[in-house]
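Here you get one chain, nothing else, as structure tokens; it is the form predicted alone.
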């Protein structure tokens, strides 16, 4: 009799536990994110949008590490994520060569790895998310050609200010731009490749030197908006800014688009941050969904024709 009561009691307890278990209870996921640096406004927006998207999903525990512009530090951060057995790793690598081995190690350990913004030396990762930098370079080249007189007629002296020359975005922005302008015999490149490392102060220094060495500069193509702004400030300090067009890349409303609207920059080209999409894609995979190998984010030209509208839509200009 006691045995029967015990069996019935156990059955009731099991039934109670089954009924009282929260319906649709979700598994929690640990996601590690390694950011290349936080010294640039674009990177800060990147982090902000990534965190905002993660905050929408209480099942995510997000750990963020700042690589501090140091590939070795970033590799160590990814090693930490591997040791903690993160469910997924997101990384925006400073450079391809130095970060490819540790990403491959994480991938080989069975951890889904999402490479954001800058690609690696191979494709041993789960997914790449970012803009088409070669397309952006070509778009900037077409804009420059049209600004300088149009296809077959374009004439002018151009200064190019590179981002980090070892990074894939800088290489693609350079090659895409030159695919277009190198077909125009009237366009002359004034300076050899120079590395502004995405920094405004270095953009200023490179432009100041170019102004000292060249009496006539018609257009500056910088690989991001801060360097374009630095170049503008150098030209302004020498009283030559009104004779030069300044092209940048990023299109952050509070920065590049604002500078376009103020006629500081002539144009910028949208390079959307991939942080929010990275969280969405990782969560889709972790919950059993299917994802593509590559997700390419859209771009657009932003100049005097649409800058004010974009700022109004963003609530920055009323």
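Numbering follows the first chain given and starts at 1. Keep in mind that what you see is a predicted model, and the values were worked out from it rather than measured.
We do not show the form predicted in complex with ligand FRU, though everything after this point is about it.
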*Using a 4.5 Å heavy atom cut-off, are 61, 276 and 278 all in contact with ligand FRU in the predicted bound form?*
no
*Decide whether residue 169 counts as a contact residue for ligand FRU in the predicted bound form under a heavy atom distance cut-off of 4.5 Å.*
yes
_So in the predicted bound form, is ligand FRU close enough to residue 138 to count as touching (4.5 Å, heavy atoms)?_
no
*Tell me, yes or no, whether residue 33 is in contact with ligand FRU in the predicted bound form, where a contact means a heavy atom of each within 4.5 Å.*
no
_Proximity of residue 42 to ligand FRU in the predicted bound form, heavy atoms at 4.5 Å_ = yes
*Where, among 211-219, 77-85, 147-155, 115-123, do residues come within 4.5 Å of ligand FRU in the predicted bound form by heavy atom distance?*
115-123
*If you look in the predicted bound form, which residues in 262-276 sit within 4.5 Å of ligand FRU (heavy atoms)?*
271
